[in-house]
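As structure tokens, one chain now follows by itself in the form predicted alone.
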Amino acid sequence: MKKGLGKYVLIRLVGAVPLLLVVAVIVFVLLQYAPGDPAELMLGMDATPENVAQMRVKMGLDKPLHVQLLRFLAGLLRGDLGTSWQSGRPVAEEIGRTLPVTAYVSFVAIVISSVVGVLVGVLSAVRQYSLVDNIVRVVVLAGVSMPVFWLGLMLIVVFSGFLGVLPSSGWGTPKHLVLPAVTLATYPLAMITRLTRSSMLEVIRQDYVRTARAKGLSMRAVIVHHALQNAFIPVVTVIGIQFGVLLAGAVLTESVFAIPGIGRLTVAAVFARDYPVIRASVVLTAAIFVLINLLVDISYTYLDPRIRYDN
């Protein structure tokens, strides 16, 4: 580990604690003003006032707001995310069951979008204004513009309906992963391609690139060992952000393909007013972004030796 990096990581992790607590407080307070009574919703329209009152006591909703908040924060600091009102199981168990599914799909999607996006972006930049570059720009524009749910449905129609080579929904086999991963990868692939192209165009016009070419180095060597490394820092930032977005925002894709991920769990919790699950999902999303941003910052020190965190 580079000098000073361990201290920097520790400071960032300690500083993330109050941030996550603030997020927890905000989501807790906002949920209190959400329309509808969770107790009434769970019992149904035919519930009597006495049954609703008993359910509110069971759910802890009879306590003053500040008492509920303190209990929630205390449990959060202990690692206790509470119990799902809908299923009756611990929230940590529900998240532990669904998060790996979402993480797996998102990881495959970001790998596809990163590898393809960087390669295509570099190719487009090297052949600026060529037919390849024009096609790439049109495809990128289409990728950014297409709604995720529409693309998912179209892929189901083609590969499940017409060709019959891939399952349309479900989870459990490698074939179930293909369509959701491709669907999720489309938007970040377009973003990564566009940013790689613009970063490479800026870098290849620098004097040190011209100098490397003047020394007789091949174009491939100049791109791989000089231009790409310097152009990669903003690309890494976007890759990290997009990975966090995929983890937190795979709701539509999981709904279209009936994937048992954390996105579907959160949506079901919203409709059921299952506050413990909603709170945990929001705080977890914030924690994921904090961790990803930290990993991106750490990667900077390896991409650019001039960046130091020991001051």
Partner chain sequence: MKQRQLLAIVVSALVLISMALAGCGGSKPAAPPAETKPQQPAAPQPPKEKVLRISIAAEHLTFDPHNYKAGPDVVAQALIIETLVGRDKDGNRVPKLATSWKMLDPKKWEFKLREGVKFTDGTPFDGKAVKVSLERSSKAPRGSGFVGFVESVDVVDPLTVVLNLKTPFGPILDNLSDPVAGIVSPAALEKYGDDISKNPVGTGPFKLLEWIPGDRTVFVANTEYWGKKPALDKVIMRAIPEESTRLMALKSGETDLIENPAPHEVPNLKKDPNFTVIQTPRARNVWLGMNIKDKILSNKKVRQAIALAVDEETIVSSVLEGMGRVADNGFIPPEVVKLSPAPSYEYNPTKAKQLLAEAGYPNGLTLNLWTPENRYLRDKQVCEVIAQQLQQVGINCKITVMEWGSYLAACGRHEQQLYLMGWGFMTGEPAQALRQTLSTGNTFNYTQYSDPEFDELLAKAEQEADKVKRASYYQRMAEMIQTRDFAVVPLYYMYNSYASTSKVKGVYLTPNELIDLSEATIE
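Positions refer to the first chain, counted from 1. Nothing here was measured: the structure is a model prediction, and the numbers come from that model.
The form predicted together with its partner chain exists for this protein as well; it is not shown, and the discussion that follows is about that form.
Chemist: Is it true that Lys63, Gly82 and Leu295 each have at least one non-hydrogen atom within 4.5 Å of its partner chain in the predicted complex?
Modeler: Result no, not one residue of the spot touches its partner chain.
Chemist: With its partner chain left out here, work out from 83-91, 69-77, 138-146, 237-245 which stretch has heavy atoms within 4.5 Å of it in the predicted complex.
Modeler: In short, 83-91.
Chemist: When the contact criterion is heavy atoms within 4.5 Å, does Ile156 count as touching its partner chain in the predicted complex?
Modeler: Contact check for Ile156: yes, within 4.5 Å of its partner chain in the predicted complex.
Chemist: May I ask you to check whether Arg273 falls inside a 4.5 Å heavy atom distance of its partner chain in the predicted complex?
Modeler: Arg273: contacts its partner chain in the predicted complex.
Chemist: Does at least one non-hydrogen atom of Gln32 fall within 4.5 angstroms of its partner chain in the predicted complex?
Modeler: Output for Gln32 is no: heavy atoms all beyond 4.5 Å of its partner chain.
Chemist: Taking 4.5 angstroms as the cut-off for heavy atoms, does Phe107 touch its partner chain in the predicted complex?
Modeler: Output for Phe107 is no: heavy atoms all beyond 4.5 Å of its partner chain.
Chemist: Given a 4.5 Å distance limit between heavy atoms, list every residue of 17-49 close to its partner chain in the predicted complex, or none if there are none.
Modeler: Residues within 4.5 Å: Pro35, Gly36, Glu40, Leu41, Met42, Leu43, Gly44, Met45, Asp46, Ala47, Thr48, Pro49.
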